Structures are given as structure tokens and as C-alpha cells.
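As a starting point, one isolated chain is supplied in C-alpha cells, in the form predicted alone.
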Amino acid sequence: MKSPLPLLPAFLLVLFFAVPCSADASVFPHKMPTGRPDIPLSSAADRMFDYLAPRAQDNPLFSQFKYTRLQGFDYANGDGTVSRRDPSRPILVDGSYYIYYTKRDTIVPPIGSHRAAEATDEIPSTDWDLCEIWYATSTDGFTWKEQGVAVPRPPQPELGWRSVSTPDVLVWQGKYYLYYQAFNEPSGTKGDWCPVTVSWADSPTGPWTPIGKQVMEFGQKGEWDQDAQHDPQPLVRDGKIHLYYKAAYNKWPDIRDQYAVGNGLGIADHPFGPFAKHPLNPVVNSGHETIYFPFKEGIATILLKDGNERSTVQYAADGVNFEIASVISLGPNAGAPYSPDAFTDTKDGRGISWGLSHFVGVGEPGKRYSIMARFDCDLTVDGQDPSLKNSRVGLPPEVYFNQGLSASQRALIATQNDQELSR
């Protein structure tokens, strides 16, 4: 049998087998580059280097999220009459964390926004109707003690007489400010039409004094935020109060199923305003529920629900022009992070590792209510928990089967199947 190789000296045979061929320098390398390689790239490969790191595991703005039930809150045995939702970001004062949140305690569960005309002074239309703002304290972030009402509904016709909800807190020059939505009609009457207002106190325990007026004007008719401002979130940046807020548009009153959501920014020298809207509003194009926090020299945001860019974390060095930093799963609904540098006017934001959120639609049909929960993550510059950087987290099949088809969907599929079979 003829040898497959010509007879060569031994040292040449060693070189022949030991030295691999050099990789083509124009082909994407096996070892991940730390920066964009100077070779032709596809759009997807090129885009990898627009993120804070090309691998998700190395990206400080990528994380998984873990959830823990809170201790210390009761929900009337799940009869739907008590609900807690939309927590504020926790603040730490004199060794205790404080949170503020929407609490509904009504004689019956909500009847639905589509029946808003039937709502009364005792019957709520939605889970955020007939609500007040309560507060609770904790020393560990897991077990909370409910302290009582922070901001009650004022008498009619004062702003918020129907419901006050969805608070967030600002600490500014030694005083405390609660921003919140103020309803003067049952939610669903025309939509979720309401302005943002504010109450202030010398202490996180109150008493809270409402200013009794809208802090930022609605847009003119025909503008995206013409009827409502939701989810106010204040931060301190460049020596001013930056108030992020949400509005649904392309919606009311006649095209309710075609709505879009954006987030805007108002800036003021004082917590009471007036807030000047940024000329580039809306500064975020997605996110029914959002989180904002200082990160490095800029602002990061988590966007959930609604829009093409839902389930993303985004970053803007200037706090205005946001770009996608990562894509996430199981992000916190109505999340409110513990962010110690939210009000320090920092240019070196360290990020977040925990906060509170809520889950809606808990309980039996006709008795639905909301509960608050704790989330933990690693969206920090310092990187505290590498296990939260795992980008391959699987869920049990029950999670997927719980999203099963409705009876009407099964009927539609059966009709389509019959049509296919009859061809």
C-alpha cells in the first residue's frame, strides 16, 4: 500500500502536523473581540458592538430578575376588595426603608372600565379607582409594616377627589415630595384621563400637604399627551428635577384598540414646577410600565409592555436620546428600584440591584386584585451577582401552558382546519 505522504525527515513531519493554517483575517474571529473588528460585518454582527458589551453576560445593563413575596400585607382573604399596587421607589431614612403605593379598600371588587358609568362613590370601576396613597416601612426590604394613609382623597371637587394613585417619591433639599395621578372621574369614563400633582412633607412619615394643582400642563389638542400624564418618576439631574411620565395616544375616544404609548420628560427648578416639556418628547417610544435610574453619567430605563421596544433596557448619556442596551425577560411590572443616587445629581450612577413591583389580576374571576412583590437583579456598574447574568434561563412548561388558547381561539382554529381539510 502506498504511503499517503512522501517520505520526509522527522522534524518536517512534526512541523507539518503541529502548525495550523492561519485564520483568514477578514473572517469574524473565534475569540470574541473586545471592540468592533475592522472587517466587513453583517448588520447583526456590527450591532453587537453598539451594546455596552458584545456578550450579554458582560453587559452591566443585562440581568435576570428574581421575585419574592412580601411579608406584612393582608389582602382580605383574596375577596378582591383590597388591592396594593404601583409602589414608589424605596428610600432609606434613619435606618428604615419607606415605600408609598396605591391602595384600594372598597366594599366590592372593581366592575371594569367598560362599566364606568355604573361606578358610584363606593363601587370602583378599575383597580386604581377609589384609591388612596398609603405607606409602609421595612428594615430588610422583605417584611413590611403598613403605617397608614399618606395622601387621602381630598373632598370633591378638589384635584384627585375620585382617586389618587401611582405615586413616586422625591427627596429635595431636606424635604419629601410625592408625585401621583389625580382622578376627578371614574377611570374609564372617557379613558384614563388625569393629571399629575404633588404633595410635600418635612418627614417621610408626613403629614403631607397637597399643592392642589396640576404640575405640568397637558399637550394641546392633537398632541400626543393631550389628555393624561401617568406614572410620574422624578430624578435629580443637572441641578433640576427631571420628571419622566407616560401617556397613551392614538387611542381615545374612538380608537381604543389602536393605542400607542410614549414617555416624556419635563424639567423644573422646583418640585412644584412649572415643568417645561422637553422639545424631543416623547423621549421613549415603548413601555406601558417603565423604570428610570441614574447609570454612569446618564439615565437607564427598563421598558415593559407595549411598543416595538418592550422588554428592553435602554440607556441615554444625556437622559433624552435612549438606545437599546439589552433585551430582558420577566422584567418587573411597575417596577420601582432602590436607587440611592436618584436624587444626588450624580454623574456616576451605580445602577440598581433590587426594588418593588406588582402583579395584577391575582385571584378568582370577579375578585381580581393586585399584590406588591420584591424583585432582585444585577443592573449595576460593580456587578454584584454573576448568577443573574445567565442569558439562558428556562421556564417550566406550566408557565407556557398557562398562556393557553381561549375557547374563541380554539373555535376559530377548528373552522380554519375544516376549511383546509375540505380543499
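Keep in mind the model is a prediction, meaning the values are calculated, not measured. Residue indices: 1-based, along the sequence shown.
A second form of this protein, the form predicted in complex with 3,6-anhydro-alpha-L-galactopyranose (AAL), is not displayed here; the remarks below concern that form.
- Residues of just one listed stretch (229-237, 156-164, 315-323, 197-205) have heavy atoms within 4.5 Å of 3,6-anhydro-alpha-L-galactopyranose (AAL) in the predicted complex: 229-237.
- Of the residues 350, 288, 242, 251, just one reaches 3,6-anhydro-alpha-L-galactopyranose (AAL) in the predicted complex with a heavy atom at 4.5 Å or closer; this is 288.
- Here is the short version: of 275, 176, 144, 128, the single residue with a heavy atom within 4.5 Å of 3,6-anhydro-alpha-L-galactopyranose (AAL) in the predicted complex is 128.
- Under a 4.5 angstroms non-hydrogen atom cutoff, 3,6-anhydro-alpha-L-galactopyranose (AAL) in the predicted complex lacks residue 374 among its neighbouring residues.
- Taking non-hydrogen atoms only, residue 181 approaches 3,6-anhydro-alpha-L-galactopyranose (AAL) to within 4.5 angstroms in the predicted complex.
- The closest non-hydrogen atom of residue 89 lies beyond 4.5 Å of 3,6-anhydro-alpha-L-galactopyranose (AAL) in the predicted complex.
- Under a 4.5 angstroms non-hydrogen atom cutoff, 3,6-anhydro-alpha-L-galactopyranose (AAL) in the predicted complex has residue 85 among its neighbouring residues.
- Using a 4.5 Å cut-off to 3,6-anhydro-alpha-L-galactopyranose (AAL) in the predicted complex, each of 192, 246 and 358 places a heavy atom inside that distance.
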